[in-house]
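Here's a solo chain for you in C-alpha coordinates, the form predicted on its own.
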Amino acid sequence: MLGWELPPHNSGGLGVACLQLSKSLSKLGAKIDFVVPYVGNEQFDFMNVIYAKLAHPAVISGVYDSATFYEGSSTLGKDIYSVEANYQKAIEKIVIETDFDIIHAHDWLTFRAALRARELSGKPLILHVHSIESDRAGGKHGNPLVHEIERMGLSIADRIVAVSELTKQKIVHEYGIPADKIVVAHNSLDLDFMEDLQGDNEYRLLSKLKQEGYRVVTNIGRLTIQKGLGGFLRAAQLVVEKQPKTIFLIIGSGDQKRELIELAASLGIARNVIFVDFQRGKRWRDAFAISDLFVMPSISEPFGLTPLEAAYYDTPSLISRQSGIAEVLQSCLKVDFWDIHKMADQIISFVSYDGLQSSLKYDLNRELSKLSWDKTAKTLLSTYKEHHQAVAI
(Lines give C-alpha, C1' and ligand atoms only; values in the text may rest on other atoms or scores of the structure.)
Protein backbone atom coordinates (compact mmCIF):
# COMPACT_ATOMS: atom_id res chain seq x y z
CA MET A 1 0.00 0.00 0.00
CA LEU A 2 1.44 3.33 -1.08
CA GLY A 3 0.42 6.49 0.76
CA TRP A 4 1.65 10.02 1.21
CA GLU A 5 0.89 10.59 4.88
CA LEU A 6 -0.13 8.92 8.12
CA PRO A 7 -1.00 10.59 11.44
CA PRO A 8 0.69 12.40 13.09
CA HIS A 9 2.44 13.47 9.86
CA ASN A 10 -0.77 14.47 8.09
CA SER A 11 -2.13 17.78 6.88
CA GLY A 12 -5.66 16.56 6.22
CA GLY A 13 -8.07 13.64 6.16
CA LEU A 14 -6.21 11.43 3.68
CA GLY A 15 -3.80 10.04 6.28
CA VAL A 16 -6.63 9.49 8.77
CA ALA A 17 -8.67 7.54 6.22
CA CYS A 18 -5.67 5.41 5.20
CA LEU A 19 -4.87 4.55 8.81
CA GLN A 20 -8.42 3.61 9.80
CA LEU A 21 -9.07 1.66 6.61
CA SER A 22 -5.84 -0.31 7.07
CA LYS A 23 -6.90 -1.32 10.56
CA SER A 24 -10.21 -2.71 9.29
CA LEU A 25 -8.48 -4.53 6.43
CA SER A 26 -6.09 -6.15 8.88
CA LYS A 27 -9.02 -7.42 10.98
CA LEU A 28 -10.17 -9.29 7.88
CA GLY A 29 -6.75 -10.91 7.45
CA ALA A 30 -4.95 -8.53 5.09
CA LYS A 31 -1.23 -8.15 5.76
CA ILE A 32 -0.17 -4.62 4.87
CA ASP A 33 3.19 -3.01 4.16
CA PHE A 34 2.33 0.71 4.09
CA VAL A 35 5.00 2.83 2.36
CA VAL A 36 5.36 6.58 3.05
CA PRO A 37 7.97 8.98 1.57
CA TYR A 38 9.50 10.39 4.75
CA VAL A 39 11.51 9.52 7.82
CA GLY A 40 9.57 8.44 10.89
CA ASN A 41 9.39 5.86 13.64
CA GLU A 42 5.67 5.35 14.26
CA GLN A 43 4.54 1.74 14.00
CA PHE A 44 1.11 0.16 14.37
CA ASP A 45 0.24 -3.32 15.51
CA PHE A 46 -2.06 -3.91 12.51
CA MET A 47 0.39 -3.09 9.70
CA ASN A 48 4.05 -2.63 8.88
CA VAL A 49 5.07 0.94 7.99
CA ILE A 50 7.99 1.29 5.58
CA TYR A 51 9.65 4.71 5.63
CA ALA A 52 11.19 5.47 2.25
CA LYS A 53 13.44 8.11 3.87
CA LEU A 54 13.18 10.79 1.22
CA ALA A 55 12.27 13.98 3.03
CA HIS A 56 11.09 15.45 6.30
CA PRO A 57 7.28 15.51 6.51
CA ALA A 58 7.26 19.32 6.75
CA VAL A 59 8.48 19.54 3.15
CA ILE A 60 5.33 17.86 1.86
CA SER A 61 2.74 19.52 4.11
CA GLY A 62 1.06 21.30 1.17
CA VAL A 63 0.20 18.22 -0.88
CA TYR A 64 -3.50 19.07 -1.15
CA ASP A 65 -2.86 22.36 -2.92
CA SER A 66 -1.51 20.93 -6.17
CA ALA A 67 -3.40 23.51 -8.24
CA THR A 68 -0.89 26.12 -6.99
CA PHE A 69 2.21 24.12 -7.96
CA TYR A 70 4.00 23.75 -11.23
CA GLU A 71 7.41 22.30 -11.83
CA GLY A 72 10.12 24.86 -11.11
CA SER A 73 7.62 27.47 -9.90
CA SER A 74 8.84 27.74 -6.32
CA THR A 75 10.81 25.99 -3.62
CA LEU A 76 7.64 24.23 -2.49
CA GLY A 77 6.71 23.26 -6.04
CA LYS A 78 10.17 21.82 -6.64
CA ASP A 79 10.02 19.90 -3.37
CA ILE A 80 6.65 18.36 -4.22
CA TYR A 81 7.78 17.05 -7.59
CA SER A 82 11.23 16.13 -6.32
CA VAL A 83 9.81 14.03 -3.49
CA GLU A 84 7.26 12.45 -5.80
CA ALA A 85 9.98 11.51 -8.31
CA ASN A 86 12.28 10.16 -5.57
CA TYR A 87 9.38 8.17 -4.15
CA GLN A 88 9.11 6.45 -7.51
CA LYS A 89 12.81 5.54 -7.39
CA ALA A 90 12.59 4.28 -3.80
CA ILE A 91 9.73 1.98 -4.75
CA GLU A 92 12.01 0.10 -7.13
CA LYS A 93 14.17 -1.11 -4.23
CA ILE A 94 11.16 -1.84 -2.01
CA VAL A 95 9.52 -3.93 -4.75
CA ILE A 96 12.62 -6.10 -4.98
CA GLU A 97 12.88 -6.59 -1.20
CA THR A 98 9.19 -7.07 -0.36
CA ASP A 99 6.85 -9.95 -1.07
CA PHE A 100 3.31 -8.85 -1.91
CA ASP A 101 0.22 -9.81 -3.93
CA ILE A 102 -1.52 -6.50 -4.63
CA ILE A 103 -0.47 -2.84 -5.05
CA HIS A 104 -2.96 -0.40 -3.53
CA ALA A 105 -2.09 3.32 -3.94
CA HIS A 106 -3.80 6.43 -2.55
CA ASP A 107 -4.19 9.61 -4.65
CA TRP A 108 -2.06 11.22 -7.36
CA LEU A 109 1.20 11.68 -5.49
CA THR A 110 1.63 7.90 -5.30
CA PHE A 111 0.40 7.06 -8.80
CA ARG A 112 3.71 7.14 -10.69
CA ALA A 113 5.42 5.11 -7.96
CA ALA A 114 2.54 2.63 -8.10
CA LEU A 115 2.78 2.33 -11.88
CA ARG A 116 6.50 1.59 -11.54
CA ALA A 117 5.78 -1.07 -8.92
CA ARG A 118 3.25 -2.67 -11.26
CA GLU A 119 5.72 -2.58 -14.14
CA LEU A 120 8.47 -4.27 -12.11
CA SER A 121 6.34 -6.84 -10.31
CA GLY A 122 3.49 -7.61 -12.70
CA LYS A 123 1.13 -7.50 -9.72
CA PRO A 124 -2.40 -6.00 -9.97
CA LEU A 125 -2.70 -2.26 -9.28
CA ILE A 126 -5.64 -0.69 -7.42
CA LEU A 127 -5.77 3.11 -7.32
CA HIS A 128 -7.80 4.63 -4.49
CA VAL A 129 -9.15 8.08 -5.36
CA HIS A 130 -9.87 10.33 -2.39
CA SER A 131 -9.96 13.43 -4.61
CA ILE A 132 -9.14 14.40 -8.17
CA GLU A 133 -7.42 17.53 -9.40
CA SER A 134 -10.62 19.40 -10.27
CA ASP A 135 -11.82 18.86 -6.68
CA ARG A 136 -8.69 20.47 -5.28
CA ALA A 137 -8.98 23.31 -7.81
CA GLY A 138 -12.54 24.15 -6.74
CA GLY A 139 -14.20 22.75 -9.86
CA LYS A 140 -11.64 24.15 -12.33
CA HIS A 141 -9.14 22.17 -14.41
CA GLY A 142 -6.27 22.73 -11.96
CA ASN A 143 -2.66 21.73 -12.48
CA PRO A 144 -2.16 20.22 -15.97
CA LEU A 145 0.77 18.03 -14.87
CA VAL A 146 -1.23 16.56 -11.98
CA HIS A 147 -4.21 16.12 -14.29
CA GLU A 148 -2.05 14.12 -16.70
CA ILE A 149 -0.61 11.97 -13.88
CA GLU A 150 -4.16 11.13 -12.81
CA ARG A 151 -5.25 10.37 -16.38
CA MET A 152 -2.28 8.04 -16.94
CA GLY A 153 -2.69 6.21 -13.64
CA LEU A 154 -6.45 5.77 -13.89
CA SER A 155 -6.16 4.50 -17.47
CA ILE A 156 -3.54 1.86 -16.62
CA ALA A 157 -4.84 0.72 -13.21
CA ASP A 158 -6.50 -2.68 -12.99
CA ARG A 159 -9.21 -1.32 -10.68
CA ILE A 160 -10.16 2.09 -9.29
CA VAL A 161 -11.73 2.69 -5.88
CA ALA A 162 -13.70 5.94 -5.45
CA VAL A 163 -14.68 7.25 -2.02
CA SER A 164 -18.16 8.25 -3.26
CA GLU A 165 -20.54 7.94 -6.17
CA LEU A 166 -19.90 11.66 -6.75
CA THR A 167 -16.19 10.95 -7.24
CA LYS A 168 -16.89 7.95 -9.48
CA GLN A 169 -19.02 10.03 -11.83
CA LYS A 170 -16.34 12.74 -11.99
CA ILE A 171 -13.69 10.17 -12.91
CA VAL A 172 -15.94 8.83 -15.68
CA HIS A 173 -16.76 12.31 -16.97
CA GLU A 174 -13.32 13.95 -16.74
CA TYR A 175 -11.04 11.04 -17.65
CA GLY A 176 -13.25 8.84 -19.82
CA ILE A 177 -12.79 5.80 -17.57
CA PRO A 178 -15.43 3.05 -18.00
CA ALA A 179 -17.85 3.05 -15.06
CA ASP A 180 -17.52 -0.72 -14.56
CA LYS A 181 -13.80 -0.26 -13.79
CA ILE A 182 -14.64 1.81 -10.70
CA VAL A 183 -15.98 0.51 -7.40
CA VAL A 184 -17.41 2.88 -4.77
CA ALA A 185 -16.26 2.36 -1.17
CA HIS A 186 -17.38 5.12 1.20
CA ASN A 187 -15.16 6.34 3.99
CA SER A 188 -16.22 6.00 7.60
CA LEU A 189 -14.99 6.81 11.13
CA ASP A 190 -13.33 4.37 13.51
CA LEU A 191 -14.53 5.48 16.94
CA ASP A 192 -11.58 3.70 18.58
CA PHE A 193 -9.25 6.36 17.13
CA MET A 194 -11.24 9.22 18.64
CA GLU A 195 -10.21 10.75 21.97
CA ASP A 196 -12.69 11.98 24.55
CA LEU A 197 -12.79 15.53 25.87
CA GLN A 198 -10.66 16.30 28.91
CA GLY A 199 -10.54 19.26 31.27
CA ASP A 200 -11.89 22.74 30.63
CA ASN A 201 -12.43 23.90 27.07
CA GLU A 202 -9.42 25.92 25.89
CA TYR A 203 -11.55 28.38 23.91
CA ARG A 204 -12.21 30.46 27.02
CA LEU A 205 -13.42 33.59 25.22
CA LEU A 206 -16.00 31.58 23.31
CA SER A 207 -17.07 29.82 26.52
CA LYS A 208 -17.65 33.24 28.09
CA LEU A 209 -19.56 34.52 25.07
CA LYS A 210 -21.79 31.43 25.06
CA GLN A 211 -22.71 32.20 28.67
CA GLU A 212 -23.91 35.56 27.36
CA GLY A 213 -26.16 33.97 24.76
CA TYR A 214 -23.85 33.72 21.75
CA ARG A 215 -23.87 30.74 19.37
CA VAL A 216 -20.72 29.34 17.72
CA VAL A 217 -20.70 28.13 14.11
CA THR A 218 -17.46 26.42 13.10
CA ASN A 219 -15.52 25.29 10.05
CA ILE A 220 -12.38 23.15 10.42
CA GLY A 221 -10.33 22.43 7.33
CA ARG A 222 -7.91 23.73 4.75
CA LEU A 223 -8.38 27.35 3.71
CA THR A 224 -8.42 26.70 -0.04
CA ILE A 225 -10.80 27.40 -2.91
CA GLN A 226 -12.13 23.82 -2.79
CA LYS A 227 -13.65 24.38 0.63
CA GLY A 228 -16.11 27.13 -0.35
CA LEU A 229 -15.26 29.46 2.51
CA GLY A 230 -15.88 32.62 0.49
CA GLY A 231 -19.53 31.67 0.17
CA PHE A 232 -19.59 30.66 3.81
CA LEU A 233 -18.47 34.14 4.90
CA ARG A 234 -21.06 35.78 2.65
CA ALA A 235 -23.70 33.59 4.28
CA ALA A 236 -22.26 34.59 7.67
CA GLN A 237 -22.88 38.24 6.83
CA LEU A 238 -26.59 37.45 6.29
CA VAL A 239 -26.70 35.50 9.54
CA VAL A 240 -25.14 38.31 11.57
CA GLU A 241 -27.73 40.75 10.23
CA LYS A 242 -30.50 38.59 11.76
CA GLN A 243 -28.62 36.98 14.64
CA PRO A 244 -25.77 39.31 15.72
CA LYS A 245 -24.92 37.01 18.62
CA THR A 246 -23.39 34.43 16.28
CA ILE A 247 -19.64 33.81 16.21
CA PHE A 248 -17.98 32.08 13.26
CA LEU A 249 -14.88 30.08 14.20
CA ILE A 250 -12.64 29.17 11.24
CA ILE A 251 -9.79 26.77 12.01
CA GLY A 252 -7.11 25.82 9.51
CA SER A 253 -4.35 27.06 7.27
CA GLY A 254 -4.01 27.42 3.52
CA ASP A 255 -3.37 29.74 0.63
CA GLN A 256 -6.69 31.59 1.05
CA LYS A 257 -6.20 32.65 4.66
CA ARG A 258 -5.24 36.29 4.02
CA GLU A 259 -7.94 36.61 1.35
CA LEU A 260 -10.59 35.28 3.75
CA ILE A 261 -9.52 37.58 6.58
CA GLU A 262 -9.77 40.55 4.21
CA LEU A 263 -13.16 39.33 2.97
CA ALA A 264 -14.53 39.12 6.52
CA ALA A 265 -13.36 42.70 7.11
CA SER A 266 -14.85 44.00 3.85
CA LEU A 267 -18.19 42.33 4.67
CA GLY A 268 -18.24 44.16 8.02
CA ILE A 269 -18.29 40.97 10.10
CA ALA A 270 -14.69 40.90 11.35
CA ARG A 271 -15.82 41.15 14.98
CA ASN A 272 -17.95 38.01 14.50
CA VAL A 273 -15.27 35.89 12.79
CA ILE A 274 -12.32 34.29 14.58
CA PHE A 275 -9.50 32.72 12.54
CA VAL A 276 -7.34 30.09 14.23
CA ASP A 277 -4.46 28.18 12.61
CA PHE A 278 -4.34 24.42 12.00
CA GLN A 279 -4.95 22.56 15.27
CA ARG A 280 -4.22 19.11 16.66
CA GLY A 281 -5.00 17.30 19.89
CA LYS A 282 -7.00 18.97 22.63
CA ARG A 283 -7.52 22.30 20.86
CA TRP A 284 -8.85 20.43 17.80
CA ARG A 285 -11.27 18.42 19.96
CA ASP A 286 -12.31 21.47 21.98
CA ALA A 287 -13.13 23.37 18.78
CA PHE A 288 -15.79 20.80 17.91
CA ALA A 289 -17.06 20.72 21.49
CA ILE A 290 -17.47 24.52 21.80
CA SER A 291 -19.46 24.64 18.56
CA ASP A 292 -23.21 24.64 18.25
CA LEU A 293 -23.05 23.85 14.54
CA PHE A 294 -20.31 22.61 12.20
CA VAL A 295 -20.50 23.79 8.58
CA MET A 296 -18.78 22.10 5.61
CA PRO A 297 -19.60 24.37 2.62
CA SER A 298 -17.26 22.71 0.10
CA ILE A 299 -17.52 23.42 -3.61
CA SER A 300 -16.43 19.86 -4.26
CA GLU A 301 -15.79 17.37 -1.44
CA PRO A 302 -15.15 13.77 -2.59
CA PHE A 303 -16.13 12.53 0.87
CA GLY A 304 -15.46 14.73 3.92
CA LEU A 305 -14.76 13.13 7.32
CA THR A 306 -15.09 16.22 9.50
CA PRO A 307 -18.90 16.06 9.95
CA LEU A 308 -18.43 12.57 11.40
CA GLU A 309 -15.68 13.85 13.69
CA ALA A 310 -17.96 16.71 14.74
CA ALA A 311 -20.72 14.21 15.48
CA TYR A 312 -18.45 12.34 17.88
CA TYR A 313 -18.24 15.52 19.95
CA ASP A 314 -22.04 15.94 19.82
CA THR A 315 -21.99 18.72 17.23
CA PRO A 316 -24.50 18.58 14.33
CA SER A 317 -23.50 19.66 10.82
CA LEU A 318 -24.66 21.62 7.82
CA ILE A 319 -22.98 20.09 4.78
CA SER A 320 -22.69 20.83 1.08
CA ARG A 321 -24.75 18.58 -1.17
CA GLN A 322 -21.67 18.55 -3.40
CA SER A 323 -19.97 16.10 -1.02
CA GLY A 324 -19.60 12.35 -0.80
CA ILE A 325 -20.67 12.24 2.81
CA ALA A 326 -24.07 13.61 1.77
CA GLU A 327 -24.63 10.17 0.22
CA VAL A 328 -24.40 8.40 3.58
CA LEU A 329 -25.06 10.89 6.41
CA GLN A 330 -28.75 11.54 6.93
CA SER A 331 -28.90 13.33 10.28
CA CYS A 332 -27.67 16.73 9.17
CA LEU A 333 -28.70 19.85 7.31
CA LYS A 334 -27.81 19.99 3.60
CA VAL A 335 -27.45 22.86 1.16
CA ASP A 336 -25.96 23.57 -2.29
CA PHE A 337 -22.61 25.32 -1.77
CA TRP A 338 -23.58 28.19 -4.07
CA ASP A 339 -26.90 28.97 -2.35
CA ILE A 340 -25.65 31.38 0.31
CA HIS A 341 -29.17 32.58 1.13
CA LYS A 342 -30.36 29.04 1.87
CA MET A 343 -27.15 28.41 3.82
CA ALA A 344 -27.79 31.52 5.91
CA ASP A 345 -31.43 30.52 6.49
CA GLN A 346 -30.37 27.07 7.68
CA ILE A 347 -27.83 28.53 10.10
CA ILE A 348 -30.32 31.12 11.41
CA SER A 349 -32.93 28.42 12.00
CA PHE A 350 -30.44 26.24 13.80
CA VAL A 351 -29.08 28.91 16.16
CA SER A 352 -32.61 30.19 16.84
CA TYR A 353 -34.47 26.99 17.71
CA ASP A 354 -33.27 24.61 20.40
CA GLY A 355 -35.76 21.97 19.24
CA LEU A 356 -33.99 21.59 15.90
CA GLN A 357 -30.65 21.17 17.67
CA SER A 358 -31.99 18.49 20.02
CA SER A 359 -33.65 16.53 17.21
CA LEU A 360 -30.53 16.51 15.05
CA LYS A 361 -28.28 15.49 17.93
CA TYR A 362 -30.54 12.58 18.86
CA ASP A 363 -30.68 11.23 15.31
CA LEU A 364 -26.96 11.85 14.83
CA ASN A 365 -26.01 9.84 17.92
CA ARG A 366 -27.99 6.85 16.66
CA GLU A 367 -26.34 7.11 13.24
CA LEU A 368 -22.87 7.51 14.73
CA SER A 369 -23.21 4.32 16.76
CA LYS A 370 -23.60 2.32 13.52
CA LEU A 371 -20.47 3.66 11.82
CA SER A 372 -17.84 1.18 10.72
CA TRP A 373 -15.09 0.76 8.12
CA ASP A 374 -15.97 -2.94 7.88
CA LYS A 375 -18.20 -2.66 4.79
CA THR A 376 -15.51 -0.69 2.94
CA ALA A 377 -12.81 -3.16 4.01
CA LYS A 378 -14.90 -6.11 2.79
CA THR A 379 -15.40 -4.40 -0.58
CA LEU A 380 -11.66 -3.88 -0.93
CA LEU A 381 -10.74 -7.39 0.19
CA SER A 382 -13.16 -8.80 -2.38
CA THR A 383 -11.50 -6.61 -5.02
CA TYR A 384 -8.04 -7.82 -3.93
CA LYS A 385 -9.06 -11.46 -4.23
CA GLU A 386 -10.74 -10.94 -7.60
CA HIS A 387 -7.61 -9.48 -9.18
CA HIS A 388 -5.17 -11.79 -7.40
CA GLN A 389 -7.06 -14.81 -8.68
CA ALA A 390 -7.16 -13.35 -12.18
CA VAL A 391 -3.35 -13.08 -12.18
CA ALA A 392 -2.98 -16.61 -10.81
CA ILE A 393 -5.18 -17.99 -13.58
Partner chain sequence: MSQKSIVLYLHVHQPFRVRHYSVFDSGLRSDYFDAEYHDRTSNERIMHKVAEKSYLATNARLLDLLHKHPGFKISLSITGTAIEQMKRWSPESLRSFQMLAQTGRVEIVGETYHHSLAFFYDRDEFIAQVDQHKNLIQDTFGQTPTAFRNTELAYNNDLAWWANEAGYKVILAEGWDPILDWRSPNFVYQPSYIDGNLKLLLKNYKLSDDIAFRFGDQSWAEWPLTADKFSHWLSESGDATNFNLFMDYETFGEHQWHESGIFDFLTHLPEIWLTNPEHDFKTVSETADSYPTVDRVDMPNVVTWADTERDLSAWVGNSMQQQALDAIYSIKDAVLNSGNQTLIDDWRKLQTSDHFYYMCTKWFNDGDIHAYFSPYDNPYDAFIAFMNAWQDMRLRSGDFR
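Remember, predicted model here, so these are calculated numbers, not experimental data. Positions refer to the first chain, counted from 1.
Another form exists, predicted together with the partner chain; not displayed. Remarks below refer to it.
Though the partner is left out of this view, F44 does not reach within 4.5 Å of the partner chain in the predicted bound form, counting heavy atoms only. Shown alone here, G29 lies farther than 4.5 Å from the partner chain in the predicted bound form, counting heavy atoms only.
The shortest heavy atom separation between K242 and the partner chain in the predicted bound form is within 4.5 Å. Heavy atoms of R321 reach within 4.5 Å of the partner chain in the predicted bound form, making it an interface residue. Among the residues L206, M152, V183, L238, the one placing a heavy atom within 4.5 Å of the partner chain in the predicted bound form is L238. If you take 339-368 and check each residue for a heavy atom within 4.5 Å of the partner chain in the predicted bound form, you get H341, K342, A344, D345, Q346, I348, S349, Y353, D354, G355, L356, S358, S359, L360, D363, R366, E367, in sequence order.
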